[in-house]
Ligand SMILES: Cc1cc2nc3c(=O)[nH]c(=O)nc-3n(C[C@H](O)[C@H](O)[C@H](O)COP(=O)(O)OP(=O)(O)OC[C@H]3O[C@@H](n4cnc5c(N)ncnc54)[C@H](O)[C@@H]3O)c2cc1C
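Here you get one chain, nothing else, as structure tokens; it is the form predicted alone.
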Amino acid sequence: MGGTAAISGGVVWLPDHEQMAAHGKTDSPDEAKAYFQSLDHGEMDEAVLGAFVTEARQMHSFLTGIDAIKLTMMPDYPDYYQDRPGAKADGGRSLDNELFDFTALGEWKDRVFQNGPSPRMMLRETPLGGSSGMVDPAILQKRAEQDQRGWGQALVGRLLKACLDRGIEPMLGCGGYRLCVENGRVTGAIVERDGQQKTMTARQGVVLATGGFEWNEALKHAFLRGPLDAPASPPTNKGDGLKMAMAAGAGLGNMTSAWWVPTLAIPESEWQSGETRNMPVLIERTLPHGILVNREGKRFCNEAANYSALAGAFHQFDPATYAYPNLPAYLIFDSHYRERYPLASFMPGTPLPDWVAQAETLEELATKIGVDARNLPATVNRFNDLAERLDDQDFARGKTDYDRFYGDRSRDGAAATLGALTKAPFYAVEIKMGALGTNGGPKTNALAQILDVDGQPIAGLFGAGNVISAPTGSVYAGAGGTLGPALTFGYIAGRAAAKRFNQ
């Protein structure tokens, strides 16, 4: 159990939470609302957005008070759109999980989904959180002996422990099939378990929280605005909840969008069910001595930009060729990069796998990967000139604090992300368009009630997380931009269902 959250960094983006004042920071629901609305393209419902920015603080206090979460603010992690009203360029809204002792879960400790070694660090101790990633090996060994885990494992583990402490035991291996509807009210759900269908009766209501549909080819082709070839989420996200809601008459919103992220397919890394695992490319594309190019061998974006918004560049459509010219894309880097920085899990000084192309010249490299062998050297020469001047006049890379956050923080200013490609051999890897999850689905109101096609609540049906039309539309506000609304709308849904039952 745990899905995408369990394998994620586990960061939670929350406005106006209690820890901000202790760090000398101020915030308010109105500031957060202004931030989102400055980025809105008509997909947000003002009341639903208002519910998130208003109830987030209460959710945080409630779950903290019952020991279901334990979060610590990352004070310097900036919001992604720093030039917008209400943004916090100096950070404060992204919170990290404290380590959680998985031995406290007893027989449940091995039932939280993971794919690979357990994370023994908190995210704020790693480069993703702005740190060095260096922790005393003795401390890491002690954490391993005690099975202390960070990241999304800590988030899901602590939430699970809070359930188990209250006698709430999840039923695993149940696939969502259909909702039970009687006289216009949802009274339960039909699930499939061990090849058999089972009807589950609900007294208070059904809450859909099944994740997105990024692994369902039919649904992707039906709804998304452009290719999503390499999801970064687990392959269990196949749209079960979306299909259940649609069959019950739900109205839909935000269906063309997703929590986009460039990804790198790792052929030797597979999910437990056999699918190739795709890694979000957050750091690699922002480091000095590397650029992204398209099939013509040309740069097409600010490589260090916010990963979710960056999809707009990948999804550019050329009506003349009736194709997406920036897909596939390639990360091109030189030996300065290779000597200093990791590529995925391949550290400097270790052999690279065969799927990383290598050549002594840029022309030869271009031929190997199938891009224009005349354009690539010219593109690199142009970028090198701009990088030497620390002024990317083409795409403004390195201008913002966010651009530099994932770069080489041992370098000052724009040099943290800008560096010339001059040292052979040169390297290339294909970068695909992926997503952390989709963010469209059944619409809800401010009480997390799922609405029908006429905009009226479907009695007894609620939703939270990536299965619903995101309260923040297509805007990924900052680190933790999915988990903050998911937790908040889970809290809202639970309260609304309980209130209906107790009336």
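A residue's number is simply how far along the shown sequence it sits, counting from 1. No experiment lies behind these values; they were computed from the predicted model shown.
Omitted here: the form predicted in complex with this ligand. The next part is about that form.
> For the chain shown here without its partner, which stretch in 81 to 89, 250 to 258, 204 to 212, 103 to 111 has non-hydrogen atoms within 4.5 angstroms of this ligand in the model of the complex?
Only one stretch passes the 4.5 Å heavy-atom test: 204 to 212.
> Looking in the model of the complex, is this ligand within 4.5 angstroms of a heavy atom from every one of Gly2, Thr236 and Asp240?
Affirmative, all three are within 4.5 Å.
> Between Val181, Cys174, Ala265, Ala396, only one gets a heavy atom within 4.5 angstroms of this ligand in the model of the complex; which residue is that?
In short, Cys174.
> Considering this ligand in the model of the complex, which of Gly290, Gly407, Gly297, Pro280 comes within 4.5 Å of it through any heavy atom?
It is Pro280 that has a heavy atom within 4.5 Å of the partner.
> Using a 4.5 Å heavy atom cut-off, state whether Ala232 contacts this ligand in the model of the complex.
Ala232: yes, in contact with this ligand in the model of the complex.
> Verify the contact flag for Gly490: yes if a non-hydrogen atom of it lies within 4.5 Å of a non-hydrogen atom of this ligand in the model of the complex, no if not.
No, Gly490 stays farther than 4.5 Å from this ligand in the model of the complex.
> Should Ala497 be counted as a contact of this ligand in the model of the complex, where contact means heavy atoms within 4.5 Å?
Result no; Ala497 lies far from this ligand in the model of the complex.
> Is the gap between Leu483 and this ligand in the model of the complex 4.5 Å or less for some heavy atom pair?
Taking the distances in the model of the complex, the answer for Leu483 is yes, it comes within 4.5 Å of this ligand.
> Can you tell me which bits of 1 to 37 touch this ligand in the model of the complex, meaning any heavy atom within 4.5 Å?
Those in contact are Gly2, Gly3, Thr4, Ala5, Ile7, Ser8, Gly9, Gly10, Val11.
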